[in-house]
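Listed next as structure tokens is one chain, alone, in the form predicted alone.
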Amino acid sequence: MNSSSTGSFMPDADLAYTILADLKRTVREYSTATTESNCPTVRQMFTDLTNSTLKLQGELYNVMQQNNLYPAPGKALQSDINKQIQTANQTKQECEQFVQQKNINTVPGSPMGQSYGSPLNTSEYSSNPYVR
């Protein structure tokens, strides 16, 4: 598959790389929208969009790699992987402690005490034109 056989305006490798880069950018923007969402429904929508875009990006990357259009990164050292896992686990533990501490100190009826995924107050969002 190349530009001359498909009649595209640029070589297939360049076109695939451009699409791959755009999918990466889209994932970043959906992730930002997810973390900035106040409404659980909107947050879930952006989470789903992020996941489906990540899946598509991964599929395109695999096709590109199989056709030698994208060089695979070098193998990671097990010690580096272990260090990253340890750091991520420590960060997760700190976040859980922070959330637990804030949940203990919340005022009854406050949205801080409610877990993610449960609607805070559905009537609050029913009049929001951005939520369907």
Partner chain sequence: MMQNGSMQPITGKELEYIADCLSNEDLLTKQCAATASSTQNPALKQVLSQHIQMHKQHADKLIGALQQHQPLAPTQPSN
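Residue numbers count along the first chain shown, from 1. Computed from a predicted model, the values in this text were never measured in an experiment.
Although it is not shown, the form predicted together with its partner chain is what the next lines describe.
Student: Going by a heavy atom distance of 4.5 Å, is residue 103 a contact of its partner chain in the model of the complex?
Tutor: Because no heavy atom of residue 103 falls inside 4.5 Å of its partner chain in the model of the complex, the answer is no.
Student: Can you check whether residue 70 is within 4.5 Å of its partner chain in the model of the complex, heavy atom basis?
Tutor: Residue 70 lies outside the contact set for its partner chain.
Student: Consider residue 36 of the chain shown here, and say whether it contacts its partner chain in the model of the complex, taking contact as heavy atoms within 4.5 Å.
Tutor: Output for residue 36 is yes: heavy atoms within 4.5 Å of its partner chain.
Student: Answer with yes or no whether residue 99 is in contact with its partner chain in the model of the complex, where contact means some heavy atom within 4.5 Å.
Tutor: Result no; residue 99 lies far from its partner chain in the model of the complex.
Student: When you measure heavy atoms, are 84, 86 and 94 every one within 4.5 angstroms of its partner chain in the model of the complex?
Tutor: Not a single listed residue reaches its partner chain in the model of the complex, so no.
Student: Check each residue of 23-38 against its partner chain in the model of the complex and list those with a heavy atom within 4.5 Å, in sequence order.
Tutor: Read in sequence order, the residues that approach its partner chain (within 4.5 Å, in the model of the complex) are 23, 25, 26, 29, 30, 32, 33, 36, 37, 38.
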